[in-house]
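Have a look below at one chain only, the form predicted on its own, in structure tokens format.
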């Protein structure tokens, strides 16, 4: 009783708002439901494409990937990064439409409400974390002190699980909101956030807000997707990487200097160590160039979303597998000149990749010797494969189960 006069005399700017104080029609449940649908679709696409990318790099026996179609990983990762950027305005818009709910009192009214609020908290935190760290990774700004791939993958499951719980709880509300919108976006049913004077412009405002979000999303996508979709390259003003900006007209993520292999890669005594059932042999670059050469036009498709096709020439991996005494579809373990333990210093080519015509130990790019930063003296190039697994500066191939 003593505090009531103090509360009644409190300035308006100190008063805790109530949901009814927010009169803007953009907080209408129909707007929230539509944004939720778009955001849910984006989260689903990001989860599926991210899972595919992760399983490419960390394969499992029950879901093997093969070399066909050759463009599949390029499309997958380009879509993943493009939708990741597009999700940013969707998340901001969604948070704006629902922020009045932060002032609902009491904050929890039962177990179902508590579960709903908990799922929202986890979903918002995980989604914002994924977007921020994902964009930083695309721009190669590793300001966080943890392994991006492992944490990004684990958090993706957290976000997807929270999204499933939230959608399951809110589905009846979404159906009612869509039904109301289907009858008429200017329905006379005011709803909790409808302006009390029944302003006839409310429907226009809602449509204008949703239209603005759509324009912002498409605009941001157009300014970044050019690093994957070549025809939009000229307008990719926010794209962190021009895929054709680099030696021999192809971008580079890791240079020879950065990998610490300059001296080893240019040494006159470099020779490929080929280990197989027939034993161990050593092939100089001249030996490799004297073998039957095959040309393939294949993309480098980077996990950061950029990709570009190039013309590669080299020795088919299946020919090298056969030369070692193995079968043309034996798996091959690839070892780089990079220091052991370095990220992506080794990779594994499953048998389906080894047997494919276009899987090469590449020696030239666009008709010229490989640039040092592109993997001279020899590198792997294979269809439908992440760029980080197209091992550069190859020093050793182990065919089949050879030790």
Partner chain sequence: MNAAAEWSRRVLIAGGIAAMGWWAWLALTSVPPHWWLPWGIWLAGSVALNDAIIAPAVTVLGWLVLVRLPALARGRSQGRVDAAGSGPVWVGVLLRGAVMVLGTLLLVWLVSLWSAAR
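As the structure is a prediction and not an experimental result, all values here were calculated from the model. Numbering follows the first chain given and starts at 1.
This next part talks about the form predicted together with its partner chain, which is not shown.
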{"query": "Residue 147 within 4.5 Å of its partner chain in the model of the complex, heavy atoms", "finding": "yes"}
{"query": "Its partner chain contact at residue 264 in the model of the complex, heavy atom, 4.5 Å", "finding": "no"}
{"query": "Contact test in the model of the complex: residue 126 vs its partner chain, heavy atoms, 4.5 Å", "finding": "yes"}
{"query": "Non-hydrogen atom contact residue 162 with its partner chain in the model of the complex at 4.5 angstroms", "finding": "yes"}
{"query": "Single option in 104, 215, 234, 114 placed near its partner chain in the model of the complex, where near means a heavy atom within 4.5 Å", "finding": "215"}
{"query": "Interface residue in the model of the complex among 279, 110, 208, 260, criterion: non-hydrogen atom within 4.5 angstroms of its partner chain", "finding": "208"}
{"query": "151, 155 and 220 each touching its partner chain in the model of the complex (heavy atom, 4.5 Å)", "finding": "yes"}
{"query": "Segment assignment from 271-279, 95-103, 327-335, 312-320: heavy atom within 4.5 Å of its partner chain in the model of the complex", "finding": "95-103"}
